[in-house]
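First comes one chain, alone, set out as structure tokens in the form predicted on its own.
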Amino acid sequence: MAERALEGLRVVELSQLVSGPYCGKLFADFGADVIKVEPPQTGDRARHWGPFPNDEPHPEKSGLFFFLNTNKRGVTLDIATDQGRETLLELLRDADLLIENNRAQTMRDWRLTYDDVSAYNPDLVMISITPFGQTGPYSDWNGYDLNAYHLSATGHRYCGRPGEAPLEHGAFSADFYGANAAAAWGMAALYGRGVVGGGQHLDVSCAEVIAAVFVGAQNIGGYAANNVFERRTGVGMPLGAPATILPCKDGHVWMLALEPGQWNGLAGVMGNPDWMQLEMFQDMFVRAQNADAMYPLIQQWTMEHTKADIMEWCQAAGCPSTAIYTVAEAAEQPHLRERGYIVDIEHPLLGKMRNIGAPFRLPACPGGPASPPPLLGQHNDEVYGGLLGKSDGEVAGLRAAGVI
């Protein structure tokens, strides 16, 4: 089997919930040796968030923890104790990368700032992922994904109908985007060691990443320049049509046909009804002005067909309309499974679990989740004894003292 792309890279992950663990997962799933450090007894908070089978909480059966921590080794360590801190520094002495998503003040309290850890390992790259970054008035706030998301104005720009209250946004968007940016630029910092020498500290603000990729830097910059910015439109696009969500026989479809070729392709799929042949309807702006009359006519047709048929017929005709899949349908999607994006992993307590694979493809160096997330403290003996060379008595002493 070909070596995985990040084989030989050692990562220490001192993080909980989503942003840090997902960043660590991206390294682990491509072959890096990621050692996840969790608090003794309680472990990562994601272990207690679920979802759980049969809705019965269990720290080893959390679906969130399962997804975020495949292919990692797991140890427990009380960082707040002197012994715990010294043991972590031993782990960092030969590590390439430290990933953490703790409050800046917490890292200062633990004496684990970049200045502290780089004194032990000058080549260490440290990634800090937080809602608001390491500096500024909010840097020490207790923030979460939604705090970062809405600081960026993304909720006001996208979520909800125009003229009504903005809506919240779920799915840890800010955390996942922050983690992806952190992984990409963490690799750049590792590359930089060979170019300029030495490690460095990567400060990732999830709010700033979201501001750039969701709300769009052009909106914030545009408002700063001339007080103009784009506003949320609710469902659909007001300036061109068809561009909206419509019901169909088994759910919903996103109907999009703006360019003349797309519109004529859709007309052909629908049997070229007379009203679609009107010359004025070759213009998407004119169609938008007549959307209230046009959408019910299209809906009559969509309600007669399934979303899969509509999508396939439209695709063949050069029209990019698409099915809107539910989560359950996406999990069974044959395209995703054929690409290896849906994988099965055996877990000692959960049995065979369905999971999603790596979101990137490196055919020469395969990646993706292959082993389940660690049980709490599963690799304590292996890491502290085998990797750090501590005797059985020393490891037992750490355990007896509650450090691990």
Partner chain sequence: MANNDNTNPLPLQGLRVANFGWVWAGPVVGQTLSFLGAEVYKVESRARIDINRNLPPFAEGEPGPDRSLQNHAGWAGNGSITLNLKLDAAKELAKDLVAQCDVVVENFGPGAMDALGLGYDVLSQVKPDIVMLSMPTAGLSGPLKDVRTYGMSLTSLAGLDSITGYVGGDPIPVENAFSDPYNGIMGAFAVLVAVTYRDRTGRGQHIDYSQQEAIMQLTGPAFMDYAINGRTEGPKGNRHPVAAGAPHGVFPCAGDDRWISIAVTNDEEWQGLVAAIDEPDWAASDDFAAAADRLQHVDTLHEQLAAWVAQFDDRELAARLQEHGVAAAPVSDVSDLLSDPQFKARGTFIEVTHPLGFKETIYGAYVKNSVSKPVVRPGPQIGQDNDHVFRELLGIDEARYRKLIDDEVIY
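Here, rigid core means the biggest group of C-alpha atoms that superpose within 1.5 Å across both forms. Here the structure is a predicted model, which means the values were calculated and not measured. Numbering follows the first chain given and starts at 1.
Below: the form predicted together with its partner chain, not depicted.
Legend entry - Contacting member of Leu88, Leu151, Met107, Val269, with respect to its partner chain in the predicted bound form [4.5 Å, heavy atom]: For this set of options, the contacting one is Leu151.
Legend entry - Interface residue in the predicted bound form among Ala32, Leu376, Leu64, Ile35, criterion: non-hydrogen atom within 4.5 angstroms of its partner chain: Contact check passes for Leu64.
Legend entry - Any non-hydrogen atom of Pro40 within 4.5 angstroms of its partner chain in the predicted bound form: Pro40: no, not in contact with its partner chain in the predicted bound form.
Legend entry - its partner chain contact at Gln282 in the predicted bound form, heavy atom, 4.5 Å: Heavy-atom contact with its partner chain at 4.5 Å: absent for Gln282.
Inset, instruction - With heavy atoms only and a cut-off of 4.5 Å, decide whether Val286 touches its partner chain in the predicted bound form. - result: Judged by the heavy-atom cut-off of 4.5 Å, Val286 is well away from its partner chain in the predicted bound form.
Inset, instruction - Please check if Tyr384 has a heavy atom lying within 4.5 Å of any heavy atom of its partner chain in the predicted bound form. - result: Close contact is absent here: in the predicted bound form, Tyr384 is far from its partner chain, nothing within 4.5 Å, heavy atoms only.
Legend entry - Which of 272-280, 156-164, 287-295, 76-84 sits within 4.5 Å of its partner chain in the predicted bound form, heavy atom basis: Heavy atoms within 4.5 Å of its partner chain in the predicted bound form occur in 156-164.
Inset, instruction - Just give me the residues of 168-194, first to last, that have a heavy atom within 4.5 Å of its partner chain in the predicted bound form. - result: Residues within 4.5 Å: Glu168, His169, Gly170, Ala171, Phe172, Ser173, Phe176, Tyr177, Asn180, Ala181, Ala183, Ala184, Trp185, Met187, Ala188, Ala189, Tyr191, Gly192.
Legend entry - Ala225: Cα shift of 2 Å or greater between this form and the one not shown (core-aligned): Result for Ala225: yes, a 2 Å-plus shift.
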